[in-house]
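Consider the single chain below, provided in structure tokens and representing the form predicted alone.
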Amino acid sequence: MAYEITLLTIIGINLILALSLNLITGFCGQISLGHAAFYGTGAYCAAILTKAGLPFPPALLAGGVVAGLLGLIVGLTSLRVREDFLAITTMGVGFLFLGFVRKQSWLGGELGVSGIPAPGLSDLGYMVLAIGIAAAVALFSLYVRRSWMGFAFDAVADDEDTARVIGIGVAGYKLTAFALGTALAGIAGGLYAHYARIIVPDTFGFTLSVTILAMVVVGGIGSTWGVIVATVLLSLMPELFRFVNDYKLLLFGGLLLLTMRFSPGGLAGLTRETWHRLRRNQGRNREQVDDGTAARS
């Protein structure tokens, strides 16, 4: 039972992380290859604050706020770059984060931060907390998708110039997406830090950023339900097939390539396409039955 609780807790944290990137990349079309840096920022911030004596809930929120502020700064510096250049910029942020925390003795350097205080919850309670926050983030994503903000995000993702012409504040919406997504990633990081009770810089490396991006792309960029399904599947994969841990970058990179080549819409797009084909086939079958009945009569 303890193993299942641990697995569900990790899946909950991964769901928050993947859905947070979906707000940036899926909703607003901003490719980020450094999302692990914001996850790590929330983890380090929350861990340091609780070690300093701050209770777990405000430390968790503070980690999200600090990660969101960092995301806002990165968003400001990225306003003039798009697509490939934005991906390279965010990748650089990830490497800068690792280089910074490895050289800071007050952050533990290469050894990281250990002895992080327990959050005061049982393992089952912590699992419920992680899944509950993930469910809240999923509902928030669905709400945003159907709101005016979601329509504005779509317009920015489709064509920034056209969105600007029709009066949408492109810069404001891009910054909003970055701030929201990175703040949620910071909360996921705080949850991870207090569950693992120890964090090291390598946990928040480029491999993790590719893993998160794979969850979003395989699920279907912009699809909340698709990302949820893909996150669960890709979180279970290393547990079902142990060799995946040794070749994670290769396998998840391959999944990204295959998805973009054969099913750009991911699992969500594949499901919609299959459903439409079934509906068309049913319609043709009904027409054939009606024609046969009419001919006999």
Partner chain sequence: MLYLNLFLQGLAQGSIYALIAVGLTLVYGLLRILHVAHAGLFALGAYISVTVTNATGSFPLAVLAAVAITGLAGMAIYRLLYEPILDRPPFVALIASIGLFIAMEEAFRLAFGPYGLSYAVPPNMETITFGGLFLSRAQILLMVVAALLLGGLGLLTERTRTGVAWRATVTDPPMAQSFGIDIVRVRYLSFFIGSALAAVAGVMISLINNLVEPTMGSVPSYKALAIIVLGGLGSVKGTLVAALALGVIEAFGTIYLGNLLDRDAIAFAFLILVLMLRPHGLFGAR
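Positions refer to the first chain, counted from 1. Everything quoted here is computed from the prediction, not taken from an experiment.
Form predicted in complex with the partner chain: not shown, discussed below.
Asks: Under a 4.5 Å heavy atom criterion, is Arg146 part of the interface with the partner chain in the model of the complex?
Replies: Flag for Arg146 set to no.
Asks: Do Val93 and the partner chain share at least one heavy atom pair within 4.5 Å in the model of the complex?
Replies: Answer yes; at least one heavy atom of Val93 falls within 4.5 Å of the partner chain in the model of the complex.
Asks: Since only the chain is shown here, I'm wondering whether Ala193 would be in contact with the partner chain in the model of the complex (any heavy atom pair within 4.5 Å).
Replies: No, Ala193 sits far enough from the partner chain in the model of the complex that none of its heavy atoms falls within 4.5 Å.
Asks: Residue-level question: is Thr89 within 4.5 Å of the partner chain in the model of the complex, judged on heavy atoms?
Replies: Judged by the heavy-atom cut-off of 4.5 Å, Thr89 is in contact with the partner chain in the model of the complex.
Asks: Exactly one stretch in 41-49, 230-238, 259-267, 62-70 has heavy atoms within 4.5 Å of the partner chain in the model of the complex; which is it?
Replies: Of the stretches listed, the one contacting the partner is 259-267.
Asks: What is the one choice in Phe100, Trp225, Phe140, Phe151 with a heavy atom within 4.5 Å of the partner chain in the model of the complex?
Replies: It is Phe100 that has a heavy atom within 4.5 Å of the partner.
Asks: Within 4.5 Å of the partner chain in the model of the complex, counting any non-hydrogen atom, which residues from 248-262 show up?
Replies: If the 4.5 Å heavy-atom criterion is applied to the partner chain in the model of the complex, 248-262 yields Leu249, Leu250, Phe252, Gly253, Gly254, Leu256, Leu257, Met260, Arg261.
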